[in-house]
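Read the single chain below, which is given as structure tokens and is the form predicted alone.
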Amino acid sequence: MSPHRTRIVQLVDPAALAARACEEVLRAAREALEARGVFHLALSGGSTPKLLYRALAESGMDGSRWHVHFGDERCVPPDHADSNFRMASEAWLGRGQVPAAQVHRIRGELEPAQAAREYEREIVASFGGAEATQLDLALLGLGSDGHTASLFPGSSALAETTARVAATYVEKLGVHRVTLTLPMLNESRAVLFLVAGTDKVNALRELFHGDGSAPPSPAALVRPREGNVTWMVDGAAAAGLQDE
């Protein structure tokens, strides 16, 4: 990652991280709306983003010109406990601040390859059918194994060069997922990683201070061609940023 395109922000705890991330999302929205009249945001799953979504719900934001996408989804129905869509809906989107027609969920109840194809079409349609589908902001997390979205180490989805969306089987978990691909993520105007917890220390250390002997983690492959990458890291995870 190029230093001039990467910013690291350390926060005390997940609550502080969520509050600061909320400010960042609202700032990106203002800039996008002023420049283009619309804001395209991709959401991440997990417990850390859930705090952010609750903050957005309480912020009084006007989402009438927002389009909300999902970075990945489990292959489960939308009312399933593991659904990213359900989590985001309960924490924020269910309040109606973003019009339902502008919330673009991955249909995890479908066969994975079909869900991926349909979501690619949904993305293109949300951009008015334009070939350029550039997210204004992509929210991402970091797994203890270096995965991000549902791009896991060794996944065939990492080799995708054209499709915006891919179905993938996560062998170590024994589950199917649907995920945005590196070609889609790397067109983003900005990427915001939210990282919290001691279980992320080693993944962060390898990403920022690895000796290059191991293949780069999927998260390290997120390098937007035009946009910046911001890492918001809480105190528990921040030890991974220290070069030992």
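Note that residue numbering follows the sequence shown and begins at 1. None of the values given here were measured: they were computed from a predicted structure.
There is another form of this protein, the form predicted together with a small molecule, and it is not shown here; the text below is about that form.
J.: Work out which of the listed stretches, 146-154, 124-132, 88-96, 102-110, brings a heavy atom within 4.5 angstroms of the small molecule in the predicted complex.
T.: So the stretch in question is 146-154.
J.: Mark Lys200 yes when one of its heavy atoms lies within 4.5 Å of a heavy atom of the small molecule in the predicted complex, and no otherwise.
T.: It does: once the small molecule is placed as it appears in the predicted complex, Lys200 has a heavy atom within 4.5 Å of it.
J.: Could you tell me if Ser44 has a non-hydrogen atom within 4.5 Å of the small molecule in the predicted complex?
T.: Because a heavy atom of Ser44 falls inside 4.5 Å of the small molecule in the predicted complex, the answer is yes.
J.: Spell out, yes or no, whether the shortest heavy atom distance between Ala116 and the small molecule in the predicted complex is within 4.5 Å.
T.: Looking in the predicted complex, residue contacts with the small molecule do not include Ala116, since no heavy atom lies within 4.5 Å.
J.: Do Thr48 and the small molecule share at least one heavy atom pair within 4.5 Å in the predicted complex?
T.: Thr48 belongs to the contact set for the small molecule.
J.: Given the small molecule in the predicted complex, answer whether the residues Asn84, Gly141 and Arg177 all have a heavy atom inside 4.5 Å of it.
T.: All of them do, each having a heavy atom within 4.5 Å of the partner.
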